[in-house]
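This document opens with one chain alone, in structure tokens, the form predicted alone.
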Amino acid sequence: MDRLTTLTQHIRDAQLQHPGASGELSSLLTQIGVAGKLISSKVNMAGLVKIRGSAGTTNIQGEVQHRLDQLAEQTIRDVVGRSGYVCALMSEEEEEVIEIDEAYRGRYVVAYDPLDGSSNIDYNVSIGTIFSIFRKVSPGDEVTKADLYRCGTEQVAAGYIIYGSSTVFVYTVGQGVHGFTLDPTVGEYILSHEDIRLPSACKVLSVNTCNGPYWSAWVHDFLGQLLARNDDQKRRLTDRHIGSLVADFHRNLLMGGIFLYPEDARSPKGKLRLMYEANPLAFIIEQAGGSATNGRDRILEIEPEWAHHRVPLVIGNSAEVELARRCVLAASGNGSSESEA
């Protein structure tokens, strides 16, 4: 039998490769894992303890909050916010930055979506927590904009926890992508997906086609070229769209695929949040051999204008991401959209 490796052991072993490391980032990642265990237990019991359904409130995005949204938010605040390793939390659910009391203040900023895909909670569809970690850069104890509004290239770690048929913790610290499955009988994450690499072939297309009437012309051009790959000889591409970003991303990461949520007439600046969704997933996909763009620029190089900056997102296999970029340029008269260009 192969030797089992827990998340804590894996993080510790990675730390040993950097003798100068303080161990704080490793401990912070472990605490995020603890928060994920608590959220997972509540997700699995939601129907029995009556914590499904709307909470009767909306978040900063104007979206309906569910009871589990609020529970996940509070869990992360309690566990991660009091871990002693963070100076500020930035949540998709909150308008203001959450500064940590001095007694618990550390050197990191964590941006997170506490429960991505929460509109699917009541239907047993996979949902998840997405997180991004930055190191504080301003001197002293004060938290400034320089610490908060950062390009994705400055992330020191990112990951997600997906709550589905099993609970899986996936993370990167810039040295590959690794996945751990929670064993509920012992309460430990066990290494199940070591050094994840995006398959070279793009097999899956993830997009909400019902937004088609609102799309720009480049999206139709892009999808037309992808669908043209299916011919009399073989169907090379299939459509899979769950409606939970973290679930769509996780499947595509393992199978090879492209996810897109482009700008449209209703959301001309895009729909997804840069800090809480696009940046962490872009860090992961690049570490796994893929790419992410807003159609023109690399996601990780976009400077956020504020905490809830929105962006279009095309993420997955690099060849398909580059094709999307060429379609955008062609539509604007700056290039060719031909796949062989």
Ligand code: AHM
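Don't overthink the numbering: it's just position in the shown sequence, from 1. Every value quoted in this text rests on a predicted model; they were computed, and no experiment measured them.
In what follows, reference is made to the form predicted together with this ligand, a form of this protein that is not presented.
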query: Residue contact check: Arg67 to this ligand in the predicted bound form, 4.5 Å heavy atom; finding: no
query: Leu89, heavy atom within 4.5 angstroms of this ligand in the predicted bound form; finding: no
query: Heavy atom of Leu29 within 4.5 Å of this ligand in the predicted bound form; finding: no
query: This ligand contact at Gly84 in the predicted bound form, heavy atom, 4.5 Å; finding: no
query: Whether Ser118, Leu245 and Lys271 all lie within 4.5 angstroms of this ligand in the predicted bound form by heavy atom; finding: yes
query: Listed range touching this ligand, judged in the predicted bound form by heavy atoms within 4.5 Å, from 162-170, 231-239, 99-107, 257-265; finding: 257-265
query: Residue among Ser200, Ser138, Gln74, Asn208 with a heavy atom within 4.5 Å of this ligand in the predicted bound form; finding: Asn208
